[in-house]
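Shown here is one chain on its own, the form predicted alone, set out as structure tokens.
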């Protein structure tokens, strides 16, 4: 028998995550939308609410609740603010290589501060040459005594200007097939965040460039085995990164459905609420179907992940479906709003903008289909 129910602990966690999002995040949305800046008050609150500790083992100051709990948190935060959910999901993506591949000393040094939100994290993989093909990256490293010297640049990095701990993928300067992953810290000589992007959506979640110019990294900051770092970085993106985008997408889907239902029940035309119109009901039905199908795909993948089973294809399917569905839902909800769907006073315009950022994040929809097809073949 297949059990599709959440545990009591997970249900309580969902309730707590929703309450947190509505009380601590919602009041700051307008401020973030207008300034485009990360709300440090929200970041502090995330740490205090232990939202950053979910996947960190208890022995290193975390909650050790697993990946299903993380997906629950991201869905609930994303329902209120996809930008904050994105910041939180990339934080988890940045710490995953340390959790999975870090040695005991590295875990003791970094994870406790990350669990409390005292330190923020991100991952540096994507480059101007592309993110879907990390082997085409040009960021390189070479040994210099007891240190490594990194040169290159990364782009489209979420949390670029607020992260203290960055897991960075680079290739050997003399062997283009050998990749290593390093822990780079804010303030290290030769490292700096650079240009900050201005996205169409997800205001309040910064995205920018990272520059490495003879950046000196101690050998103790090497994650895993030298030359075997591609697996360290990409396994996190395949499971944790795409799983996080599923959570963000489910949040947008839920928000679009709720806003559409609210408006359609309140808007009266032809002497009755427009929710009575078959054309409106058709859109509501499609949003509801997409939401439930997306949840089944996403939570199935996270359950496999919690069991330690392989789940990269499952997350590729869930990421593709939910990101595409979120864009469909935002368009349908905007259509239901009619002319009001073009006005920034209505939340649906924010969901519409945010939904466009979901598609390319952690791998485009076309790349997801390549992964799914490879599995099928």
Ligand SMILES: Cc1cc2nc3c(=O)[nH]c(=O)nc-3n(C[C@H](O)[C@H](O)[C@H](O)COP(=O)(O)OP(=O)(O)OC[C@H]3O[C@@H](n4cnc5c(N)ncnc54)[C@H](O)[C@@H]3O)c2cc1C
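None of the values given here were measured: they were computed from a predicted structure. Numbering follows the first chain given and starts at 1.
Beyond what is shown, the protein has a form predicted together with the named molecule; the following relates to that form.
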{"property": "The named molecule contact at residue 168 in the model of the complex, heavy atom, 4.5 Å", "result": "no"}
{"property": "Heavy atom of residue 124 within 4.5 Å of the named molecule in the model of the complex", "result": "yes"}
{"property": "Partner proximity in the model of the complex: residue 357 to the named molecule, non-hydrogen atom cutoff 4.5 Å", "result": "yes"}
{"property": "Contact label in the model of the complex: residue 158 to the named molecule, heavy atom within 4.5 Å", "result": "yes"}
{"property": "The named molecule: the contacting residue among 132, 104, 281, 265 in the model of the complex [heavy atom, 4.5 Å]", "result": "132"}
{"property": "Heavy atom within 4.5 Å of the named molecule in the model of the complex - the one residue of 92, 256, 250, 86 that qualifies", "result": "86"}
{"property": "Contact stretch among 116-124, 269-277, 219-227, 182-190 - heavy atom within 4.5 Å of the named molecule in the model of the complex", "result": "116-124"}
{"property": "All of 199, 367 and 370 with a heavy atom within 4.5 Å of the named molecule in the model of the complex", "result": "yes"}
